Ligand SMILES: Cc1cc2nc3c(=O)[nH]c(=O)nc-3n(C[C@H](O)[C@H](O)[C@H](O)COP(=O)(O)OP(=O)(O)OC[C@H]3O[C@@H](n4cnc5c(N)ncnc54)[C@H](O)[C@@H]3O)c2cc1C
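Before any questions on binding or motion, here is one chain by itself as structure tokens, the form predicted alone.
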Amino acid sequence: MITILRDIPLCDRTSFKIGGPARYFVEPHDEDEIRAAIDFAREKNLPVLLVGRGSNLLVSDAGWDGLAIGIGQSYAAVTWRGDTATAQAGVLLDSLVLQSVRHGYAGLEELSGIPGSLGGALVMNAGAYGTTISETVERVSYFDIDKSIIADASRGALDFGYRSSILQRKKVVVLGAVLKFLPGNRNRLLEVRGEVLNKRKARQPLYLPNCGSVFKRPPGQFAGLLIEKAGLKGFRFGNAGISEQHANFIVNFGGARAAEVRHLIVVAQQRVYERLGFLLEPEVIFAGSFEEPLFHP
């Protein structure tokens, strides 16, 4: 029997520390509880929002008028068999990276420090420094909401691309994945991890709440550099601002509202398009209702 909670603030469950309450909230512990949560939403005709570790997510100030399913630490087991890990969707991606490095297995070390869960990383095909998680994936298991069945798919069937996968286009709850690694030198892998973490610390505003990269990288360009060229680095609106450290990050200085972040996103889109001719596509996921539409030329 799952416990369905009412009016749970989602600001506490996002890396932005922003967002209104979810009308209903549940944190399942196993696949049966995930199925029960989906059945509950179907019976009440509720939209479903999946909340992993809350990175890359902007929840509106009004919140989520439906069921939010938290796939977090209660669904985060990892089992190793040699160079292969079977991991549940709620495990922190960085925790999985650290485990692989400590085992002396290569493949994810460049993803060190990326916030969020494995489930979110699979959906978005998270990547950094020329590496994406899809390169390590063998299979992904998921709950198909429309068919009400548990299924799995091999890497080739998941249509991985730049910050994309077929999982974005299907109504699914990612349950976990089987990942296969390459043998590596443990000490060297630990060195690489340390180097990556230091680069992140030097280049990204990790000391303030944020959602990671706000925009996808345009072909042949860098979103942060375009925003900087458009004169918006450090631009602030209310209690939110475009980071002085990295212009593709929007930070919460304390008490920022989702509407303020949304406005900064629109301003960046419009200014970069008008001055440089590139239309920035948000990487951040919007949940709930926003009054201000995204910019469209």
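Residue positions are given as counts along the sequence shown, with the first one as 1. Just so it is clear, the structure is predicted and the values come from calculations on it, not from any experiment.
Not pictured, yet referred to below: the form predicted in complex with the ligand.
Only one of 45-53, 255-263, 23-31, 239-247 gets a heavy atom within 4.5 Å of the ligand in the predicted complex; which is it?
Going by heavy atoms within 4.5 Å, the stretch is 45-53.
Taking heavy atoms and a 4.5 Å cut-off, does Q204 contact the ligand in the predicted complex?
Yes - in the predicted complex, heavy atoms of Q204 and the ligand come within 4.5 Å of each other.
With a cut-off of 4.5 Å between heavy atoms, is I285 one of the residues that contacts the ligand in the predicted complex?
It does: once the ligand is placed as it appears in the predicted complex, I285 has a heavy atom within 4.5 Å of it.
Does the 4.5 Å heavy atom contact test between L57 and the ligand in the predicted complex come out positive?
Judged by the heavy-atom cut-off of 4.5 Å, L57 is in contact with the ligand in the predicted complex.
Check L108 for me: does it contact the ligand in the predicted complex (non-hydrogen atoms, 4.5 angstroms)?
Contact check for L108: no, nothing within 4.5 Å of the ligand in the predicted complex.
Go through V97, L226, C211, L189 and name the one with a heavy atom inside 4.5 Å of the ligand in the predicted complex.
Result of the distance check: C211.
Note which of R139, R200, H103, R217 lies within 4.5 Å of the ligand in the predicted complex, where distance is taken over heavy atoms; exactly one does.
Result of the distance check: R200.
Which of the residues spanning 104-139 lie within 4.5 Å of the ligand in the predicted complex, based on heavy atoms?
Result: I114, P115, G116, S117, G119, G120, A121, V123, M124, A126, G127, A128.
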